[in-house]
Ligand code: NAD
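Below, in structure tokens: the form predicted alone, a single chain.
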């Protein structure tokens, strides 16, 4: 296999939030690139930034905090690049990175099918209560009481965000014979040709039986699902979030659940997930009262940010991350470089 590292010296990479699946996949891809890699289980923030001393680039994940203080430390350490092994970059101070001359690259499309399919899986499981049925049968309980679901066919589905993931989700839901309403600043003609109707958010909230979030987290979308939005929705609405946790105001959705306005809630992300997700806390007492409250509702299904987690996605993340790093450090540019956010 050809060594793709053609620079005069070996690229040094510090990888944070490392888990076994990260190191295994990265080591396999690195057999081609021959980077010098240091893995750290710790999450990246201003307290752990010093661990990157001597590295050319750092690699971080969704819950690492690359804010201004952390970037200042990276600059002092001589780090030239922040490589995100995810699509979103809301956890990076892009303007500060630009000021300091530190590049930021991401993986914009690791596997949109993985997230869209997980979204559909959560809808089916929550509606037909598959998680409860599995446990019951394991315990020898074959009664059907409490397991009643509804036909998805002929229901109205709301899709907020029709990027790559949202488009694939629309195609999946189209196969169920549903009416699909979508909201996006930039309507997609292919989706319209398929029968997707683009509407304003108020119309989407009022008419949809199931609402699925597939938009990025920005200052505009932060807590877009709030008290006002939920009040506009149909009684018993299903809300699904496999995008970014802070899109939903947790207090508001808990109130919606208590009042019965929200009939079903499926979350693969949570606005305070950085203290919980990707860790084994089975022997500890969860200190997040809101999360514990969510778990008490029988009509709430939570997975721990695993929507992306397929073999194909992990392979694509690793391949793209290494290519991003090599391209940026050797040519001062990458097709996946994050540009400054326009405000």
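Numbering follows the first chain given and starts at 1. In this text the structure is predicted, and so the values were computed from the model without any measurement.
This next part talks about the form predicted in complex with this ligand, which is not shown.
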Complete contact of 163, 166 and 216 with this ligand in the predicted complex (any heavy atom, 4.5 Å)
yes
Please identify, from 256 to 264, 178 to 186, 125 to 133, 203 to 211, the stretch that has a heavy atom within 4.5 Å of this ligand in the predicted complex.
178 to 186
Note: exactly one of 35, 26, 308, 44 sits with a heavy atom within 4.5 Å of this ligand in the predicted complex, namely 308
Partner-contacting position among 139, 151, 193, 220 - heavy atom within 4.5 Å of this ligand in the predicted complex
220
Touches this ligand in the predicted complex: residue 85 (any heavy atom, 4.5 Å)
no
Wondering, does residue 270 line up within 4.5 Å of this ligand in the predicted complex on heavy atoms?
no
4.5 Å heavy atom contact, residue 246 to this ligand in the predicted complex
no
Does this ligand get within 4.5 angstroms of any non-hydrogen atom of residue 108 in the predicted complex?
yes
Need the contact residues for 34 to 55: heavy atom within 4.5 Å of this ligand in the predicted complex, sequence order, or none if there are none.
none
